[in-house]
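Given as structure tokens, the chain that follows is alone and in the form predicted on its own.
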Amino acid sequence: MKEDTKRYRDMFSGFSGKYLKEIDGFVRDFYRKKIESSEEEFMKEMYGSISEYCLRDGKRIRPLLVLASFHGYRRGFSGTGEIVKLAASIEMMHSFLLIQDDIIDRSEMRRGGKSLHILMGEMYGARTDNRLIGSDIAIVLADVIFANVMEIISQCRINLKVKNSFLEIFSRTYEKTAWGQILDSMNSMLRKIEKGNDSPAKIGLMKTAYYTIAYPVMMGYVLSGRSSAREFDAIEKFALPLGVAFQVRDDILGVFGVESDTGKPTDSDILEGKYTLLIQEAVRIMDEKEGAAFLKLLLKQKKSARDVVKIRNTIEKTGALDSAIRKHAELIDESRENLQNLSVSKKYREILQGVLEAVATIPLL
């Protein structure tokens, strides 16, 4: 079993190594042309910052899933170069959302570097008394990225019917993700957490499971020129448990990970008092008195370093961490079983299993 797992991960790694260069190469060339064609110096400078931000090291899981799905489902359809452009646009949309996410979370770091709103504040803060100039510029630069993505999609040379099917899922993706983000914001820095609040599960589905796994696989599927309600259902049954497992993994690493590996501060979820799946599990395990004391500390507006350590220790001592790890494993098993029902080719089913096995590992724990 371990040998098979390694083989699947190696297959995905090989697939990733091939297409990461093409995805990043397209983004790099796209913004090089934008810089060269810009009439104003400030635009050239800001396009340079966008390019650097979009090309920071990351998993690129969403565009890679688009490509793996496309290859797995296609039947003699060529034009892979155009599909790479669309996959790259999905990664650019991820940067669009990360910029917003960092502003909302007041996060200063992203993917091992400064968040874009922090960079913009440093670059342009000296010229104005507006202390929020960095956030103001970064929000609008996110809109610039969105406009760039629509330009790429509009110019992509593929069958119009296929493009429209892609755009339908594209729009569904970012609408659902936006609602997930709103629900996430509504459940951060809460004054009170009501018993039975199941928002973490809804957020995990909307903001992660559909966004990260299900919709990218569906995008690749429709780009192959195919469309079947039965296959869409099979994709959901494979993708949603894997996506929720991805969120559980992210929640765990958001509290117990290491910043050099996650690329962002690992105390941010605690400092924001985020009501995540991990926190929900901790509260479920505790008795009423313990749970009330824990939530009071979690929802404290200003937390000391000692408070953060106490919250971490409580999550671990109650068994919530172990419970979350078990839940993660159960979700992975469910997704692994449902993967066999997809009608993708054998090679790309194994590549998708490589993605699954990568999510199955929670490093450093």
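On a predicted model such as this, the values are computed, not experimentally measured, just so you know. Each residue number is its position in the shown sequence, starting from 1. Just so we're on the same page, rigid core means the largest C-alpha set that superposes within 1.5 Å between forms.
What comes next is about the form predicted in complex with a further copy of the same chain, which does not appear here.
- The partner is absent here; in the model of the complex, the one residue of G273, G225, G254, G125 having a heavy atom within 4.5 Å of a further copy of the same chain is G125.
- This chain is drawn without a further copy of the same chain; in the model of the complex, the residue among I285, A293, A201, A178 with a heavy atom within 4.5 Å of it is A178.
- Proximity to a further copy of the same chain in the model of the complex holds for none of S13, F70 and A245, with the criterion being a heavy atom within 4.5 Å.
- Looking at 83-91, 276-284, 186-194, 235-243, the stretch with residues near a further copy of the same chain in the model of the complex, meaning non-hydrogen atoms within 4.5 angstroms, turns out to be 186-194.
- By the criterion of a heavy atom within 4.5 Å, S304 is excluded from the residues contacting a further copy of the same chain in the model of the complex.
- a further copy of the same chain in the model of the complex comes within 4.5 Å of a heavy atom belonging to D136.
- Within 4.5 Å of some heavy atom of a further copy of the same chain in the model of the complex lies at least one heavy atom of D143.
- a further copy of the same chain in the model of the complex comes within 4.5 Å of no heavy atom belonging to V309.
- In the model of the complex, a further copy of the same chain lies within 4.5 angstroms of at least one heavy atom of each of the following residues of 155-184: Q155, L160, K161, K163, N164, L167, E168, F170, S171, Y174, E175, A178, W179, Q181, I182, L183, in sequence order.
- Core-aligned CA deviation for E272 between this form and the one not shown: 2 Å or greater.
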